[in-house]
Structure formats: structure tokens, C-alpha cells
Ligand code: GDD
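First, one chain by itself in C-alpha cells, the form predicted on its own.
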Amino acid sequence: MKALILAGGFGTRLRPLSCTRPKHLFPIANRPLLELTLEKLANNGIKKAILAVNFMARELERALGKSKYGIKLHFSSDLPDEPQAKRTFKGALGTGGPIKLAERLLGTSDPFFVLNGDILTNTNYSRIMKTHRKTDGIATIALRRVKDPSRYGVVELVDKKLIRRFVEKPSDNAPSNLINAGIYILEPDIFEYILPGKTCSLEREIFPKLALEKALFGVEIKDLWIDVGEPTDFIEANRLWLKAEKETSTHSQKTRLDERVKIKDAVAIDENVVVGNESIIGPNVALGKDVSIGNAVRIKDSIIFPHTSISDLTTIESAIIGESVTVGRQVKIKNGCLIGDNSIIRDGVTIAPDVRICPAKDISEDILRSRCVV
């Protein structure tokens, strides 16, 4: 089986951290989001994956290489300066255009998966394919029940499988609370619905048309699933993955934890991490490689990228701290903060909730209102 992963998003809602890396490489429990997806696909029999890339395409290629977990990887770019195709259009092709662009790699003989690259799930992909093969449709969508469907594509489902109506991001009167989970199985017939070299939205152009033709089906999934679009989503994704996959805290043998360190499950600690006396780490914390934590530090519900140093008596709650950041003594970083790579937060600084600090900034004074520091 084959899969196409849509990994061309710009990650604007995750800036400034996405200024220096694709959002698909953000760590969940110290592992890149995209690697977690590829591992689950491999466990479900996927042998070939095509990554539809755009923003920071070369960084993705360097990070992932030619194969992962036994899956052979190909990269399909809609950037006009890529040597693989001589095209005249500019910019991204939406969610449908990359499928047409990858037609040769996907082939025209068997159904294939299409996944949004910013979805974290441990669902059973084989079960979705099994359900699809029992229909005579062109597309099957994985569906998920949510409290607020306004952020997503919403379906009206009849006879438990047939989708009668597909409405993208309804402002009111949503037909149900079953939303598009960003996991599709498509028959090769789908290529006939997408014009080559044109921007196309599966959600706004193709799925509503297939619903009218009674060729669109759905299957509800109840496994771990989250759309990682906002910083709060990313922290929640880290919590859910730690709970589902770790249950208890894990750390490398090369980690050094002083005797009076308290770890509250679940926490993921990577190699060469040092944590000083009387520090309390967790719950729901990921400490990346080579992170250094001082004495009496308190961190919970947060993600700390590699090579970052955090000094004594500092507290961090519900924040994401970038790579190679230096945090001084007695600093307070509050919920919703994003600290860009290579920044310095000086001793005694307090940072209010929802502050975003761009890379390589030197912060020596309190930031007492939510804003972006550029």
C-alpha cells in the first residue's frame, strides 16, 4: 500500500518556532511528529510514502532521508524551482493539487491513503482500508466526533457509511459533530477530478461533488487523534501521546538526575539531560537532547527543545521553549508562551501568558502583556 502525506504547510500559527523548522518536525515526546506518523503507517503495511512538500522542503528531506521504518520515501514538491518538473504556476496547490502532481508515484491501479501531515493519531489504518474496500466509492474519509465542529469539514452521514453532505468549516447549523479527521483513502479515479498544475481544495471542491455523486463514504475512528495546528494543540498532543504510548516516565541511560529530583508521570527525557536537585519535572513534559536544568526548577505541561539551558528557581508552565535557548535564574514563563531558538531570557524576568519571542532575542525586562517580540 501507498500513502501521500500533505506536508507543505507553513505553520504560521506556530511561529516563531516554525520560522526555523517545518512544523512536521516539531517533537512529540522527543520524536518528530512526521516520524510518529510514518512508524504507524509502517505498522499498518504501508511500503511507500510520498511527501507533498513546499515550505522548508529540503529540511524535511535531510531529516527523513530515503526511508523510515521500512517505508521507501519520495518527495513531491509544488515549488516551481524544483528540478523535477518544469511548471509555470507559483505557490502551493492546496490539498488536491499535490495529489494530481504525485499521480505517477501513486499509480493508477490501487487505492491509496492521503494524510494531513499535522495530524497525530494512533488509529488503525488497515481497518479504514478494509472498510473502504467494502464500498463502491471513490473516497473514504476517517471521521471523528468533536464538541465544536466549526474548525473542520463536517459531514452528514447516512446508513452509517455514505456521506450525503460535506460542509467545510460551517459557521452555523453544522450537519453533525462528525468532522473530517484528515485521513482519506482515494481510488485512482480521483485524478480525473483534479486539473494538473492548478490549486485545488479537496474539502471545498472535490468532496462536496463526490457526496452529490454518492461516491463519498466515511468511517468513524475513536482512537487518539488531534489536529496539531495551534500551540495549545501541540502541548495537548504531547500530553495525549505520553499518556497513550508511555504511561510512565522514560529517560535515557545517559541522563543525570540528582537524587532529590521529582518526576511526575508522564515525562519523556532524551539523552544527556541533566536535572538539578529539588527540581520538579512533569506531568506532561518532554525534555530534548542535551537539555540542562538547574536546581529547584519547576516545569509542567511543556515541551523543551534540545540544547536548551534552564537555570535555578525558574518556573515554566504550558509553554514551548525552542532549541539552544538560555533561560536565567528565577524566570517565570507562563502558559501559552513560545520562545524562539537561540533566545536568551535574563535572570528574574517574568513573561506573561501567550507571549511569542522571535529567534535570537535577548530579553532582559519583564513582558507583562501578550505580544510578539520581534
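All residue numbers refer to positions in the sequence shown, first residue = 1. Just so it is clear, the structure is predicted and the values come from calculations on it, not from any experiment.
Omitted from view is the form predicted in complex with the named molecule, to which the following refers.
Though the partner is left out of this view, Lys23 does reach within 4.5 Å of the named molecule in the predicted bound form, counting heavy atoms only. Interface residue remark: Asn238 is not counted as part of the site for the named molecule in the predicted bound form, having no heavy atom within 4.5 Å. Contact annotation for Phe113: none of its heavy atoms lies within 4.5 Å of the named molecule in the predicted bound form. Contact check for Tyr184: a heavy atom falls within 4.5 Å of the named molecule in the predicted bound form. Only one segment in the set 128-136, 67-75, 263-271, 152-160 has residues whose heavy atoms sit within 4.5 Å of the named molecule in the predicted bound form; it is 152-160.
Residue-level contacts in the predicted bound form: of Thr140, Ser279, Thr95, Thr121, one residue has a heavy atom within 4.5 Å of the named molecule, and it is Thr95. A heavy atom within 4.5 Å of the named molecule in the predicted bound form is found for exactly one of Gly288, Pro231, Gly117, Gly294: Gly117. Along 160-175, these residues reach a heavy atom to within 4.5 Å of the named molecule in the predicted bound form: Phe166, Glu168, Lys169.
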